[in-house]
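Single chain ahead, written as structure tokens, the form predicted on its own.
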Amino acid sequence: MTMTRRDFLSASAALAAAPALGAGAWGAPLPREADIVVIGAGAAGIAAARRIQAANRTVIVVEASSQIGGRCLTDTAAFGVPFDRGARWLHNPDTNPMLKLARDAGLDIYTPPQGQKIRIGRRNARAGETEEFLAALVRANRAIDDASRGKADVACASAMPKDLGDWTGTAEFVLGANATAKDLKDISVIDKARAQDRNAAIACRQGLGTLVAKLGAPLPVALSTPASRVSWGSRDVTVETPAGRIAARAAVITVSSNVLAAGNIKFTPDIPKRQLDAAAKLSLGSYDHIALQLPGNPLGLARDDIIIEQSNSTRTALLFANIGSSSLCAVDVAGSFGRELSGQGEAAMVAFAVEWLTKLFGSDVATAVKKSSATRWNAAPYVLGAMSAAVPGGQPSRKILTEPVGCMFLAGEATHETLWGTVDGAWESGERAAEAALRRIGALRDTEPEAAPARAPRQRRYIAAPVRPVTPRSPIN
């Protein structure tokens, strides 16, 4: 049976007030056609679908997993309080449209306290030691920026000053694994230098996953409905799923760069090698949260405190303590060490977190843990990692991924040249891809405004006390 566009509009209107539905919950077969089909219901996919709906065009979103959100996933069951298993921050409060959308949806947006501490063994760093570390960060950032203006795009590690002393390992962790999910040796200096400043961290008290799910609730979303094959041309596209085929005039594809490069979705004809190579050069790094419930505040820390350590070992982490005034703490592991640890399984991850906290705060930590849980984004089959970071020489790949492929348009944090690795970038990329798809099908006139242009990176400021310099950027999309 073929569903007409009028039938689809009627079905969409009936579903608009209901939560997103799984493929078997429609009460009718999956719609067979739409103006535009969106693959993926993360931040980019939801942003794209909302923009398409706002243009009064039919849209269907197919999502492989069982929930909306992608790498924005809030767990409210494990600990009795919201735990963002993926992304936890928004940025750019002056320009980020998600903040207003969150408030309009009745969610609580707030700026976390700016507390941060550096541990040296079992004590906090003294004021002079903290200043030394901040000065080391400033020098390292300057060196990376200087290297980005050279003739060749090199690895950030090769640009690092050689005389940072005891702060070398800590600076490498903060600028590399913690900020980008990759070690500095695997990151392009140009990509790093062009990244827009993300120092202003904004949180959603109910969780970023809750926010994205709420923004996607009015949309026609088919959950547990993976796209297995996309047949495309210059005028139309067909998406094959276990629930049936969907014919559309264009598609917005928001899967991660790792999923795209892995060939987990088949394309007929094959997606051009140019795009596949670009996705491979923007592979996702590793970033996971190890959550520990520690009643009674045995670490003696304040709400939303962030702790790092002075370390020359790659076996280090970041602590986000007493999240939202709860007893929940998260130990973040990232980069090559985080990937190795995640590969050993959840038990090994929790054991490391307890060992690491014991080293910094004493032997009472192990007995204080009431409950634990760990994310393993590298093993998540529909994501396969945390966030994108360009390999040396790979920064132009971000722009390549924004180029249309027939009537297909790619979106997601990996396609944003300055806000890669953020929910903000994923959202904006989805809106842009939707605009491009709408123009392709003639739904927008050339005189109508497009989504906001790419935000140029702000001039990097080198100051002695940057705001929240160790803010973790968690896996997103």
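Note that the structure is predicted; figures quoted are calculated from it, not measured. Throughout, we count residues from 1 along the sequence that is shown.
Unshown form predicted together with a small molecule; subsequent notes refer to it.
Colleague: Considering non-hydrogen atoms and a 4.5 Å limit, which listed residue (339, 289, 398, 192) is close to the small molecule in the model of the complex?
Modeller: Among 339, 289, 398, 192, a heavy atom within 4.5 Å of the small molecule in the model of the complex occurs only for 289.
Colleague: Just to confirm, with a 4.5 Å cut-off on non-hydrogen atoms, which of 180, 170, 225, 258 contacts the small molecule in the model of the complex?
Modeller: The option sitting close enough to the partner is 225.
Colleague: Identify whether the small molecule in the model of the complex is within 4.5 Å of every residue in the set 87, 383 and 423, based on non-hydrogen atoms.
Modeller: Checking in the model of the complex: 87, 383 and 423 are all within 4.5 Å of the small molecule.
Colleague: Of the listed stretches (102-110, 247-255, 184-192, 347-355), which one has a non-hydrogen atom within 4.5 Å of the small molecule in the model of the complex?
Modeller: Among the listed stretches, the partner-contacting one is 247-255.
Colleague: So, residue 265 and the small molecule: in the model of the complex, are they within 4.5 Å at any heavy atom pair?
Modeller: Within the cut-off, so yes.
Colleague: Can you tell me if residue 377 lies within 4.5 angstroms of the small molecule in the model of the complex, counting non-hydrogen atoms only?
Modeller: The answer is yes: residue 377 has a heavy atom within 4.5 Å of the small molecule.
Colleague: Residue 428: heavy atom within 4.5 Å of the small molecule in the model of the complex?
Modeller: No, residue 428 sits far enough from the small molecule in the model of the complex that none of its heavy atoms falls within 4.5 Å.
Colleague: Taking the small molecule as it sits in the model of the complex, is residue 281 in contact with it (heavy atom to heavy atom, 4.5 Å or less)?
Modeller: Residue 281: no, not in contact with the small molecule in the model of the complex.
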